[in-house]
Ligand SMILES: Cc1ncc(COP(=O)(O)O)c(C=O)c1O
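Coming up is one lone chain in structure tokens, specifically the form predicted on its own.
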Amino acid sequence: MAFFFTFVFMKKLPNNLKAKLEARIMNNALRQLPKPNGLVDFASNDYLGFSKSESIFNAVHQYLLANNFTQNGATGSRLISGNHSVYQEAENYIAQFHQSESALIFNSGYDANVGFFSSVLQKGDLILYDELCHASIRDGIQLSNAKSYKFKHNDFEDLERLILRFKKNEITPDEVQQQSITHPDSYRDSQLTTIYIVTESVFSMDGDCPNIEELIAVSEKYNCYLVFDEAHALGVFGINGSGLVQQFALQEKVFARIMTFGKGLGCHGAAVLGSQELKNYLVNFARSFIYTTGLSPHAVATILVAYQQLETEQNNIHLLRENIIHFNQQKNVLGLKQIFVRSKSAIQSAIIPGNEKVKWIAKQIQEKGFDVKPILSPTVPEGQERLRFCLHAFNSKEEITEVLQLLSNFVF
């Protein structure tokens, strides 16, 4: 069969949008979709290599056949026709695995954060968020009617100072308008009803972690509701890769955890963990859950099988942790420690200021066979541009040593 292609001329981009693109080009900050490559992977979030696991692939196939699932899609919202039985089994398993009363699966980590924060936060509530929280958290906050205020990164003295100022009504509507990412007209002089604190257990750009025990002490002192995004901790920290909160056995002191599956589990989707009441609330009010087609049986079965793999197969987690230790040791040996953000996670970031410089160094390393991505401003603040190394269970120690040696050659 022959296919014939014709050129289609579309209406041009409005001038104001075109100007924004041109500004990105001028600042050497234009984002473009990368092409697949055969380079050694130091860029993906596939920390445990689960996305390439033949055993997971085959187990999902067998599970679907054994349970007579032959449909390709969910067919609708979970509230209409898309709540197939794999959902219930997966959510029950996830809740048990994370020692949580309930789990509610969303289509992505972005959907989970937007749905959670936009629906849970109410007018008159206050949310205090770490200044380096992910864009999906900020977007969810912005869609709510709550006041929001950022605290300095992992600085709980600054957090406590803000809590006290709000409780004493010392922060004015003008300050809220200047600092908040949400609606300043939600300010009111009466006592705030609820205070939420949100942070990440592993930060996606720096790879560092907060002091969870200290943060919980602050939240309990002031009766706040604590929320953790554990996207980059799942599969990396805790028993069976259960996350950093469970590593310290503090899950019962946290209001909600958001677990994302596109990183350590190598698949897609996310879950909000919390009380059964919270799950019921989100099913009724989280718009990114209500008004979207559910995940297919295959997608949810992949989540379930990946969790089962976490529980039964410890070798990948062990290899990843060994590689994190080796990476940090080699940083010291090569004198690179000074340019890296301190991290004991699978995310390691070397600060190299300037979009042009960091892009050039990344290109040199890529030409030597290693896929290391530059992170440019405005994704990170100007002056905080970086090379972001993502470590995996499948990286060899020789590859880690070689890529850091290359970095040393081009940086110094």
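Being a predicted model, the structure only gives us computed values, none of them experimental. Heads up: residue numbers just count along the shown sequence, starting at 1.
Not pictured, yet referred to below: the form predicted in complex with the named molecule.
Using a 4.5 Å heavy atom cutoff, S136, S204 and G269 all lie near the named molecule in the predicted complex. Only one segment in the set 300-308, 128-136, 285-293, 272-280 has any non-hydrogen atom within 4.5 angstroms of the named molecule in the predicted complex, and it is 128-136. Though the named molecule is absent from this view, in the predicted complex it lies within 4.5 Å of a heavy atom of just one residue from I197, L320, A231, V86, which is A231. Shown without its partner, this chain lists S108, Q330, N316, S119 as candidates; in the predicted complex, only S108 has a non-hydrogen atom within 4.5 angstroms of the named molecule.
T260 belongs to the set of residues with a heavy atom inside 4.5 Å of the named molecule in the predicted complex.
At the 4.5 Å threshold, heavy atoms of N113 reach the named molecule in the predicted complex.
The partner is not shown here, and in the predicted complex the stretch 153-169 never reaches within 4.5 angstroms of the named molecule through any heavy atom.
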